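Next up is one chain by itself, shown in structure tokens, the form predicted alone.
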């Protein structure tokens, strides 16, 4: 792991966006793994800013999102499909057929997860995977568990995750389940970038970087990846030695 500490989330957004836009410029057909939530928004804003200045196209880029809620309409404001279009895709020239999501409303979730993993593998795997980290150190929706997961799967969300996310749900109730890439699928990405900001993430960050590798701290598995960049603001890094 290479740990980078910045003063603000905005500074992180500039730095991480530069990595992604350089990848697109150097490899116009790259495959990107993307994340949702408040954490990556500064990165997405800076990617859009770079695109608007010209000299870069996303028409050849394929994207695969980490996860999606179950039993939530795709058009709902809190679906990750809607989030990604509003925060990023609608402002780029990326082709709609090149953006991919797990279908949280699939009749057969096991078959849907297998389809998704096969699509990623057939695309040649993910070149850069963007991650956030939950207060309980989950990545994607891989919650603390007795063992690390493999491929994409349906997960029951923990109370910690529901409490952290339910503030966004004022119309439809917060879903209790989601489909997510598994740990092994995340670890197969060529490069992983994880962003954590704010004091609520400090303990999870400390356990991820300085603690043992354990499925009870899902993000700790990143210690075993060959190319991981961690971007922290000072608050998220405050408990590191």
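Since this is a predicted model, take the numbers as computed values, not measurements. Numbering follows the first chain given and starts at 1.
Beyond what is shown, the protein has a form predicted in complex with a small molecule; the following relates to that form.
Asks: Counting heavy atoms only and using a 4.5 Å cut-off, do 64, 121 and 184 all touch the small molecule in the predicted bound form?
Replies: No, because 64, 121 and 184 lack any heavy atom that approaches the small molecule to within 4.5 Å in the predicted bound form.
Asks: With the partner removed from view, which of 144 to 152, 71 to 79, 161 to 169, 104 to 112 is the stretch that lies within 4.5 Å of the small molecule in the predicted bound form, judged by heavy atom distances?
Replies: Residues of 161 to 169 come within 4.5 Å of the partner.
Asks: Heavy atom within 4.5 Å of the small molecule in the predicted bound form: which of 39, 207, 188, 46?
Replies: Here the answer is residue option 39.
Asks: Is residue 126 close to the small molecule in the predicted bound form, meaning a heavy atom pair under 4.5 Å apart or at it?
Replies: Contact check for residue 126: no, nothing within 4.5 Å of the small molecule in the predicted bound form.
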